[in-house]
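Only one chain comes next, encoded as structure tokens, the form predicted alone.
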């Protein structure tokens, strides 16, 4: 079972996960068309609430647009809201409460802070709404009905393996010197990505084949609050000054594309060669960077597919059926194991970019 709290269920323990924490924890996925709900259905034109975080990446912007158009096409009314630019949780808490008050039958939540929404989820559930966690698992609540996401532990594993492969491609023999970055500590996924990557990297670190130059191996040391580019650039600036006067940096584990580009900018500004840098989200600017040979890789998590599967869940609930799920064991939010539907992520480098984005009109043009 993938219990994101390790041995503790204290709020915020995700941010305390260290280098040695957590293997895949997968007891074996299973396909099922139900999470044991007592769904009775509701009117086809009912209100569906969608609460998303701040517009910090292209994918969150796209998700809002897709939910608005997709729910309308399916015959629902929709209330799609973004949290404020401050990324504080108060905006989202108020938005979820308002959706509940308006009588939303389903509330889809891309959590701003996964550990601070349990009261709002409980209130929504008590009012008769079903609650779906979108992309980010919501913690410490038995009232969460479903979770839909890409396999985020696998994302981390793909990033860790790509980092090793990319460094070996540039320099056949090690040891390799790397730095580690992770996402915002209030985002449950940040710890999952990090632990997935460490599942691959830690054995190589233990063998001495890979060395973290700064010695900063703990997720708390590597975290970038709010997933902000300026935070990643400032930390990379500091690492270059303190650790890489004459030392060569071979690779950087970056959890997403926004941070990857900021890290690369810091390195270029320092006049140093760009190492192997990982990413995630297939943002257009990073795809361009990959094709130019700068950023080494990204992860393709097609937001169109994730939104589509979420709307499929809503349709099933409206019809009085249990949504399709394919994982009943892996995602423990500290209070319950949440019925989950996982989509597979795809690692993308320059070598397979054209194939990976063949069905994406926007990104496919960038690979030509």
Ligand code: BGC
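Note that this is a predicted model, so its numbers are computed, not measured. Residue numbers count along the first chain shown, from 1.
FYI, the form predicted together with beta-D-glucopyranose (BGC) isn't displayed, but the following is about it.
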Contact residue in the predicted bound form, chosen from 321, 328, 335, 57 - any heavy atom within 4.5 Å of beta-D-glucopyranose (BGC) | 57
Would you kindly say which of 146, 176, 227, 76 lies with a heavy atom within 4.5 Å of beta-D-glucopyranose (BGC) in the predicted bound form?
-> 227
In the predicted bound form, does residue 281 have a heavy atom within 4.5 Å of beta-D-glucopyranose (BGC)?
-> yes
Residue 136 within 4.5 Å of beta-D-glucopyranose (BGC) in the predicted bound form, heavy atoms = yes
Though only this chain appears here, would residue 256 touch beta-D-glucopyranose (BGC) in the predicted bound form if you measure heavy atom gaps against 4.5 Å?
-> yes
According to a 4.5 angstroms non-hydrogen atom cut-off, is residue 193 in contact with beta-D-glucopyranose (BGC) in the predicted bound form?
-> yes
Which one, 273-281, 246-254, 89-97, 118-126, holds residues whose non-hydrogen atoms are within 4.5 Å of beta-D-glucopyranose (BGC) in the predicted bound form?
-> 273-281
Members of 172-193 lying within 4.5 angstroms of beta-D-glucopyranose (BGC), judged by heavy atom, in the predicted bound form = 187, 189, 193
